[in-house]
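Considered here are two forms of the same protein chain, supplied as structure tokens in two stand-alone entries, structure 1 and structure 2.
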Structure 1
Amino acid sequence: MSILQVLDLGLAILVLAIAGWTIAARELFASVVGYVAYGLLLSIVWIRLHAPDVALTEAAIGSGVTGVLLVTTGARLRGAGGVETAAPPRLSQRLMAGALAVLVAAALAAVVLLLPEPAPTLAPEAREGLAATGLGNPVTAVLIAYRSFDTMLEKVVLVLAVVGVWSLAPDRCWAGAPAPLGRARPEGALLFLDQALVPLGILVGVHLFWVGADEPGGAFQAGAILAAMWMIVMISRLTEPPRVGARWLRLALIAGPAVFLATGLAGGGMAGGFFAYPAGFAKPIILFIEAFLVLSIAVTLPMLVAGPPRRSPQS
């Protein structure tokens, strides 16, 4: 066994132990904290799978923003006095669930070990098409060129998630703003973060967007980092969540999918197929679309965490 293998094994055990803890913990908050730690470790696992793009996404969205969502939700639930009063389920039910879980996991493990070798792959096709897109990062090429249709639809899913979350508002609050993310008074340490961390973070976000065409990174990761920065500013109460009726907010939320859809439609007339890019112009167009995707993601994620509008528009 090489050192790397020992390391992998240790990592695997650690990940599973914490995952088990998040399920077993009695307190809601304890499991949420466990989940954040678990997400951090999971992005290291992704590095070990040679998937830096996924690792970045996992760190930013899977662990980072989801962690904040869970923490915020947990705190709001606790604030309203609604955490955990349930009796644990009956033993028979737990045994049944456990048996089913073990069965599924065992079958999955067996099948995963039996997957064919050498594995079928689309890497050669992806390599072949890369030249036409002018990109260097194949994952970005899949997302924005080969399977752009999926990516565009997934952005629409995000818009719908916002509509769904907002639709849960009380009627009188419609067009108002979501509840603030932070507590009342701005405070030293947080203001320090606003001044020091946030500008650096924005720089990192722009950097990830820019290198994403050729190296790991891209619209998702950059957007998520920018979203995190905006949320830090909102937590420190330097700015408040915007009113859901604000025109600029609506436009920012749909900008990504709308520009994506418009260029996709234009491709039908100009590049010989919907969502195709004209030869020679692929890369600038892709970067153009991605810029709007970054904007939309950076606005969408914080709005999803902030929740439905809670203040009537007048106040």
Structure 2
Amino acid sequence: MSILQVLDLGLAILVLAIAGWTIAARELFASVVGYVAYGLLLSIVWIRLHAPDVALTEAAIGSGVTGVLLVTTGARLRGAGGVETAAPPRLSQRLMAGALAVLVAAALAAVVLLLPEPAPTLAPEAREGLAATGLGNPVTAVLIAYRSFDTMLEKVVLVLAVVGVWSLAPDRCWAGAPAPLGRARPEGALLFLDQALVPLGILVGVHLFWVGADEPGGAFQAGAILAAMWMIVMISRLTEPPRVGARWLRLALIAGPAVFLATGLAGGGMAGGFFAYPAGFAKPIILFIEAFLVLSIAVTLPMLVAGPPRRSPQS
């Protein structure tokens, strides 16, 4: 057994151990920390499976954005007394949840183990059309060129999710701002972390967007990292969540899907098909679309974490 195989085996055992510890943890904060660690370990697993794009997404969304969402949710539940007063699940509920988890895991394992050899793939067909798009990253080509309508609808779903969260606001708070995410007086260490991490994170996000056409990266990964930077700034109270009635915020939310749809409709006149790109101009048009997608994703995810408006527009 090679050293890499030993490391892979150890990584698999560690992932399972962290998953079990996350489930067994009694305190909410401990469970969230375990979940974040679990997501980071999964990112390493995806790297070992030669899927860097998935690894970046898992690190940014699975650990970063979702971790912040769980931390802020736990803090609000503690503030409202929801964690302490909620009745723990009964033994029958726990057994049912465990049995369901085992059943799903067994089904997924069966699907993987029963795949034919070699496993079916559309990778050769995807690479054949890669030159026509001018892109070097097949993942970006699949998302923006081959299944562009699905990708656009995914961004529409994010916008609808924000609208659903905002709809939970009391009438008197509509068009106001969500509640602050952090303490009134954040610790100095958090402020120092913001000053050191946020500028670097912004550079990484812009870099992932720019190289995503040819290397691992892209709009979703870049937007998620920029969203995480904005959330860090809001948690440290260097800025407050914006009013949901602000025109710039609403324009930023719909910019990505709107530009995506407008470009798809223009494809009928430019290239003779819905979501078709004219020859020789596919790459700059795709980068143009992704620039607005980055903006929308970077705004949508923090607003989902911030929650519904809790302050009136006048406050």
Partner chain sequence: MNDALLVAAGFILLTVGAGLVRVLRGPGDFDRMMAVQLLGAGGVASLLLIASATTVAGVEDVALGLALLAAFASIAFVNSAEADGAEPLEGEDG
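Throughout, rigid core stands for the largest set of C-alpha atoms superposing within 1.5 Å between the two forms. Quantities reported herein were computed from a predicted structural model and do not represent experimental measurements. Start at 1 and count along the sequence of structure 1; that gives the residue numbers used here.
Engineer: Give me a 1 or a 2 for the form predicted together with its partner chain.
Structural biologist: The form predicted together with its partner chain is the one given as structure 1; the other form is structure 2.
Engineer: So, does residue 175 move by 2 Å or more at the CA between structure 1 and structure 2, with the core held fixed?
Structural biologist: No, because once the rigid core is superposed, the C-alpha of residue 175 moves less than 2 Å between structure 1 and structure 2.
Engineer: Rigid core aligned, does the Cα position of residue 132 differ by 2 Å or more between structure 1 and structure 2?
Structural biologist: No, residue 132 moves less than 2 Å.
Engineer: Has the Cα of residue 206 moved 2 Å or more between structure 1 and structure 2, judged after a core fit?
Structural biologist: Superposed on the core, residue 206 moves its C-alpha less than 2 Å between structure 1 and structure 2.
Engineer: With the two forms matched on the core, what distance in Å separates the two CA positions of residue 96 between structure 1 and structure 2?
Structural biologist: Displacement of the alpha carbon, after core fit: 4.9 Å.
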